[in-house]
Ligand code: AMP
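In the form predicted on its own, a lone chain appears below as structure tokens.
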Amino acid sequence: MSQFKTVRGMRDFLPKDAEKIRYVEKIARELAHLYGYEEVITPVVEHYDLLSAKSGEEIRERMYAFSDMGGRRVALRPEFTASIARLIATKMRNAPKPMKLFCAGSLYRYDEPQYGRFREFWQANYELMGSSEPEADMEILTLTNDLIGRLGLRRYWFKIGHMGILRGILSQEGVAEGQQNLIMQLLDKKRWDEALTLARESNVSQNCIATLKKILETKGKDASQVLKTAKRVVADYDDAVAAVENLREILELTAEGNVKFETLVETGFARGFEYYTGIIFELYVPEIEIALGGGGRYDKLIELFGGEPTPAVGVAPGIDRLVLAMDKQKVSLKISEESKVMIIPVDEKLRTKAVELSLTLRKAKIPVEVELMGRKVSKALSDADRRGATHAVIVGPEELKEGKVVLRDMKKREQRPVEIKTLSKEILKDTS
């Protein structure tokens, strides 16, 4: 049977695991509604050119790409942002601004499977398009912080940087965008020496190399102090100075809004996607080395896909990684107590009555199962207990003559006869 194992890097989510994934997704979706983000659903398969345009070399190499039966080059989506940008550039180009969209689902990258990293993974995605104001960046940070708080995670922090700092330095030195992208890829992988070597090979000045070295070392938890230092370091590069000021304004606005979270500001921080133009950030907890999610500003992507120039900022929390963090921190799911009923007919002649009762209870929005294995009552009760039933309804001939059934409270191990017409109220009363 070994040929029927899951494909490498893919997973089955058994009921308890699926419940956790859907719980995080539910909280993420509720938060989208509270912040005014409308949900969209985009295809799992997109044109390869769309997904590869600004994804970054490493992700381009790891896409599940293939030719379909019509000879078109397509790929499984490795992230959501390109699909959302396509929507804005085409079907939503006349939508009022700002546009706030949410989506959630599975993504695919041909990574080497390891702890917290799989070839099929799950993300939520929030995108705010149309505003270049720092308040938009602040909202994305606030929303992300709100999501983590609602999930009950502790001791988390944001690693924050700004792509405009590094790009401002390199652009003023005349480094072509393609070469800048290669340098950013190396920085994203923490291969700093190689990144500096590539910068030297781009014929930048000695002042540039010295500035880059200092920027890579400028980091810390005191955002104000780090950014003061960074502004002094990049004083010779006007666009980099403007980027530092932009990041300072965003973080000050966030603090003034009483949004509190730990930060690690790294001015030499870079992310793998080539489309980022402004603030970038990732989310961490001490128990896990990999980021639980990340995001940033991308002001040129929609224009690249044929849309109007549209500033944008977004974040993609990793649903399965958030579940992993919750497991590590032993965070319980905040699922409200609800009734779960097993209906047990005493004999096979009463099966149809059991089904009829199940339909009545479901109309009252009570989850119900009917005993389907022909078990005796004692064994059926044991099975109901194993399945986590809060109540068992025992359907017997004597009680039915009086329009009643036996209602058993599975936790208290108590039972009583109740009238069928009040059965749903009695069950709900027990769990209210």
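What you see is a predicted model, and the numbers here were worked out from it, not measured in a lab. Each residue number is its position in the shown sequence, starting from 1.
Omitted from view is the form predicted in complex with ligand AMP, to which the following refers.
Contact annotation: of the candidates Lys328, Arg150, Arg117, Lys219, the single residue with a non-hydrogen atom within 4.5 angstroms of ligand AMP in the model of the complex is Arg117. None of Gly168, Pro345, Pro134, Gly294 but one reaches within 4.5 angstroms of ligand AMP in the model of the complex through a heavy atom, and that residue is Gly294. Of the candidate stretches 356-364, 203-211, 271-279, 302-310, only 271-279 has residues with heavy atoms within 4.5 Å of ligand AMP in the model of the complex. Ligand AMP in the model of the complex is approached by Asp111, whose closest heavy atom lies within 4.5 angstroms of it. Among residues of the shown chain, Gln123 is one whose heavy atoms approach ligand AMP to within 4.5 Å in the model of the complex.
Using a 4.5 angstroms limit between non-hydrogen atoms, Gly318 touches ligand AMP in the model of the complex.
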